[in-house]
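Next up is one chain by itself, shown in structure tokens, the form predicted on its own.
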Amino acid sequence: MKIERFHLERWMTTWELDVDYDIAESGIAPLSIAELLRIDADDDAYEALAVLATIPLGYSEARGTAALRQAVAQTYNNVEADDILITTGAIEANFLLFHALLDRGDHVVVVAPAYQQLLSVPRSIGCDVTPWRLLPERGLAFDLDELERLLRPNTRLIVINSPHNPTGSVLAEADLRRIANLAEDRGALVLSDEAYRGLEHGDGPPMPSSMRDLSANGIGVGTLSKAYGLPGLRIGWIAANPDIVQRCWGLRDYVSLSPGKLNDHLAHIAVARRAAIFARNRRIIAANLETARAWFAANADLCTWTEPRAGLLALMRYTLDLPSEVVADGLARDASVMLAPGAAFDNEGYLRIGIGQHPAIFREGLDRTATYLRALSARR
């Protein structure tokens, strides 16, 4: 398999362990194991840690334990445990689905900009990939009439992502139903990357149903990395009909085989305590949105943004006439701030910002960004 260089991941790897103020972070501020065990629990966290220490670290159930799959299924309306395959993050879930469902020459429509995997993996298979673009002149909103124009009689798969990375745009439930109908009319499937499901804003729209709940042709992909603040567990999942789950499971035997046993156990705790985790998220998001609104108002000559309607990510447009990777590298090197280059999403002139970081880090990161951009502008 020949595949494109993963621009964003390689850029992030260059800087993410060296900067002090990562405000490109794509997930909510991570929880520690002790914080996870304490949240919404009467147990003593250290007693719970002692229980963890007794778990034998043998192989776990290949498709995820029944307990975890049942807990994940209960986050949907019409899903059973056998409709769930636990994966190594959403990234493995998407990779398995593309390879299970697509063949060379298939037509695929993919929302763009996007996390690069959603475009690059179908291309590597030999698919004819058409981007469905969210354009600045349309307010970075989803244009469903445009989607309908892009579809063909031989469209095999529609790939969507909502809340959207990197813009924070959201598909309403009526939009999702229209997409499901468009797919069903053509015998196509819909892969819905729902990594940011559960990350509503207090003053934003309610989160719609999963595509898996809305259509027999719908596939939902989830993860603990974003809304649960547990990227280090490397746990994601596929929610689909049992035939698709079985096909992906068959491929997984050749890739990662099974989730880590300890990861599976902690994931079950997290899903069971999701209400408390999501309440914590809303507090972080509210604080950071207040900071961001004030910062963008005070620095409108430097940067503007379209505020995310849900999720954690947005694109900020800067006024300097420089490539985004030059600006992002300079921020990381000279100000110890990480903001991802828009070039990694084919959106030059932008930086990707995340509002899930610890509020003190987020606030200082923005202050340093303003100082750096003003100094850079003065030098030019």
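All residue numbers refer to positions in the sequence shown, first residue = 1. Because the structure is predicted, anything quoted here is derived from the model rather than measured.
Below, we refer to the form predicted together with a small molecule, which is not included among the displayed structures.
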Selected contact from 94, 210, 288, 169, since only one has a non-hydrogen atom within 4.5 angstroms of the small molecule in the model of the complex: 94
Heavy atom within 4.5 Å of the small molecule in the model of the complex - the one residue of 195, 84, 267, 179 that qualifies: 195
Which of 259-267, 149-157, 280-288, 85-93 sits within 4.5 Å of the small molecule in the model of the complex, heavy atom basis: 85-93
The small molecule contact at residue 115 in the model of the complex, heavy atom, 4.5 Å: yes
Partner proximity in the model of the complex: residue 234 to the small molecule, non-hydrogen atom cutoff 4.5 Å: yes
Residue 347, heavy atom within 4.5 angstroms of the small molecule in the model of the complex: no
Close approach of residue 324 to the small molecule in the model of the complex, 4.5 Å, heavy atom: no
